[in-house]
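Shown below, as structure tokens, is a lone chain in the form predicted on its own; questions about how it binds or moves come after it.
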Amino acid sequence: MTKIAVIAGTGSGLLFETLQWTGSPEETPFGCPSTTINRVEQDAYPADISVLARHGPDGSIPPHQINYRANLWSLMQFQPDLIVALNTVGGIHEAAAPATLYFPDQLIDYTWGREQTYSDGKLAPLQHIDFTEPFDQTGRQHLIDRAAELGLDFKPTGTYGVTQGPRLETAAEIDRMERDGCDIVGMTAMPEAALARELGLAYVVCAIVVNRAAGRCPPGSVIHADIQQSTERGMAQVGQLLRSL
């Protein structure tokens, strides 16, 4: 049976409402992960799916304070065939409409001050990973094929701009990111993707657009109710996708 690890982000609780984040997560050489790893009931999903909540059991850990190294190290012990990272993002490109799924093939890292590598000179030797293609191409294609079969609203490629957070971006920052070639913007794909590559784990992002990025809609037109609705619609599609795996 295929073993899939899901890194659940903001809004993912809609998919895994029955999971109980009980007990303390197991310590790693790099500290404690955000949560324990919980297995999803087999009658819900045909694959062997385990879930780690990126922002903690109550969603309180901000993007820049997540212990990404501990999270990926913990998931490595599960020995997944594929890690599917769920990320709620803002849409920069005109095609990135709310509730659309993106399977990005590239990223640009705008973060700073995060623990970016296991090569710390102490616990892990220096390694220069090939990061030309930051996401696992076989895993991406698998998700794309399933999404196409299901008729989901998705984009098969795109560039994910990763910002520091937790604040949202200014309109000028989004303009710069658009010039850089970014289609969507979020806060958590890095250093996750790089750390997964260092550990030899197949890692892909399923991004859910929940709102238009700053300056891409009239002022005051995006309200929390709209974001909630887009999140629910997007996560419904993610649920179909995971069940199809």
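Note that residue numbering begins at 1 and tracks the sequence as displayed. This structure is a prediction, so every number in the text was calculated from the model and none was measured.
Beyond what is shown, the protein has a form predicted together with hypoxanthine; the following relates to that form.
- prompt: Where does hypoxanthine sit in the model of the complex: which of 198-206, 53-61, 185-193, 27-35, heavy atoms within 4.5 Å?
  reply: Only one stretch qualifies here: 185-193.
Sort through 168, 148, 95, 126 and report the residue having a heavy atom within 4.5 Å of hypoxanthine in the model of the complex.
It is 168.
Is it the case that residue 210, even though its partner is missing from this view, gets within 4.5 Å of hypoxanthine in the model of the complex, heavy atoms only? Answer yes; at least one heavy atom of residue 210 falls within 4.5 Å of hypoxanthine in the model of the complex.
**Asked** Heavy atom to heavy atom, is residue 89 within 4.5 Å of hypoxanthine in the model of the complex?
**Response** Within the cut-off, so yes.
Taking hypoxanthine as it sits in the model of the complex, is residue 74 near enough to touch it, meaning that at least one heavy atom pair lies within 4.5 angstroms?
Contact check for residue 74: no, nothing within 4.5 Å of hypoxanthine in the model of the complex.
field: hypoxanthine contact in the model of the complex: residue 163, any heavy atom under 4.5 Å
entry: Residue 163 belongs to the contact set for hypoxanthine.
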